[in-house]
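The chain below stands alone and is given as C-alpha cells, in the form predicted on its own.
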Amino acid sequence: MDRRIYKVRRIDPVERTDECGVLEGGNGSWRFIPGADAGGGKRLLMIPGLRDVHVHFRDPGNTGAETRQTGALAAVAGGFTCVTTMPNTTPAGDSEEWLREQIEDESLPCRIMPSACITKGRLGREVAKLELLASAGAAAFTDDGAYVANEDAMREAMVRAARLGKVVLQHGVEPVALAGGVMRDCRIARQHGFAIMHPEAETLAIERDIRLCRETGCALHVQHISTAQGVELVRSAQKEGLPVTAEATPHHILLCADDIPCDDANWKMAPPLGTAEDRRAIRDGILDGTIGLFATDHAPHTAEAKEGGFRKAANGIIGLETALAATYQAMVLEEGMALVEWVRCWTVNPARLLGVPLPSAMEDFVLVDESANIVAGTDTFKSKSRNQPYSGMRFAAWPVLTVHGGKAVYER
C-alpha cells in the first residue's frame, strides 16, 4: 500500500481520549500526529480494530455457507481484526486438533481466538476436556447453538472453567420452554399462525445459570440477550456482585419483531427479534452498562438452508459487514451514546471478557466514514452467504480502511 495521509478524529477507548489530527503511513508503518491538519478532505473516525466474541465460520463441515477465509474477509470488511469462532462445526470443536486448525491458519487477514465446547460433541452430557482445550488455546467455553440443559454437567463445567480462569458463554434459550417458537408475538406471527417464543425460554436459562454462577464463582457471559426480563436478570446479578456479563447483537439492538415484513427467513434468528419493549430495554441496558458488549452472532447459511420460511428455514443471519453501521445507527445516532462508550463495547470490553489486552493502536485500527450514507446490499459482501435483513437500509457510518498487524487488509 502506498503512503497515505488521512484527516482523522482518533478515539482511544482505553484512555477515553478524543482528539483530531493526521494519520500517515502505509506499508506496515503508521503514526498519528495530534493537532495536525492535512488540509481539505473528509475527516474520518479512527478507532481500534473491532473484536467480535461470537461468530460462526462453518469450517469444517459446512464450507458451502462460510469458510475461515471468507469469514475473515467479511470480518475485516466490517472493521474487525479479531473474532472468536463458535465450536458448532462438524466435527464439533472439542479437540486440540480442532483448535490448532482454527488458530494456526496464517493465511487469514484477521486473528481468530476460537472458543471450545463445554460438552463433548456439544451433546450436553459429558463435560469436554476443558483443561487440555484451555492449554491448546481455547479463549472460552460454549456449546453455542445448544443450551447445556444438564445442570450437573453445567455445574461441573463451571467449576473447572473457574479454576482455569475462563469464561463460560451460554446460549440462553431453554429448549423445553421454547416449545418450537420461531418468533415473538407480532403482526406477522399472528397472520401466519407461527409458534411464539415466550420470554420464559430465555429467562429460565439465565436464572439457572446465574444460580450456578453464584455457586461456582465462574464468570458467566449471556449470549445474544433478547428480552427485557433477561436484561433485568443480568442487571440484578451484577448488582449482587456476580461475574455476569451479557452481549447484544446489532439486529436485536436495531430491529424488533414488528419490523418483520413477511414470512422471510432472512429475518429468522435464534433467539428471534424481540418486541419493541425488549429493544427499548436492551438499549437502556447498553446505556447504563448492564450490557457491555456488542457481538454479531454472524451465522451464515446457504440459500437452500434458508428456504421454507420461518417454519422450515435454519436460524441465523450474517452480520459482520453491517455490524458497525447498525450499532452506530441505533446507539450513537438514535440514542446519543458517547462515541467512546460505543467503541468500548466493540473493543475494550470484548478483550476484557476474554482476559486479553488490546493490540497496539497503530497496528490494529479501522477508519470509519461517519457520513458514508451507504445503502446496504449483498453485491459487495465478502461473506459466502447472503442471509440478512439489512438490504435496502441506509446507514451513515461505514468502514473504509481496516489495518491489522500494521498492514491494510481491507480498503473500500
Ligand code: DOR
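Please read these numbers as outputs of a predicted model, since none were measured by experiment. Don't overthink the numbering: it's just position in the shown sequence, from 1.
Although not depicted, the form predicted together with the named molecule is the subject of the following passage.
4.5 angstroms heavy atom contact with the named molecule in the model of the complex for residue 144: Within the cut-off, so yes.
Using 4.5 Å between non-hydrogen atoms, is residue 315 touching the named molecule in the model of the complex? Yes, contact at 4.5 Å.
In the model of the complex, is there a heavy atom of the named molecule that lies within 4.5 Å of any heavy atom of residue 171, even though the partner is absent here? So residue 171 counts as contacting the named molecule.
With the partner left out here, check for me: in the model of the complex, does some heavy atom of residue 224 sit within 4.5 Å of the named molecule? So residue 224 counts as contacting the named molecule.
Where, among 69 to 77, 195 to 203, 293 to 301, 110 to 118, do residues come within 4.5 Å of the named molecule in the model of the complex by heavy atom distance? Selected stretch: 293 to 301.
Given the named molecule in the model of the complex, answer whether the residues 22, 43 and 402 all have a heavy atom inside 4.5 Å of it. Verified in the model of the complex; spot residues all out of contact, no.
Between the options 92, 133, 82, 269, which residue brings a heavy atom to within 4.5 Å of the named molecule in the model of the complex? Contact residue from the list: 269.
Answer option from 88, 245, 327, 102, heavy atom within 4.5 Å of the named molecule in the model of the complex: Of the listed residues, the single hit is 88.
Stretch 53 to 84 - residues with a heavy atom within 4.5 Å of the named molecule in the model of the complex: Result: 56, 58.
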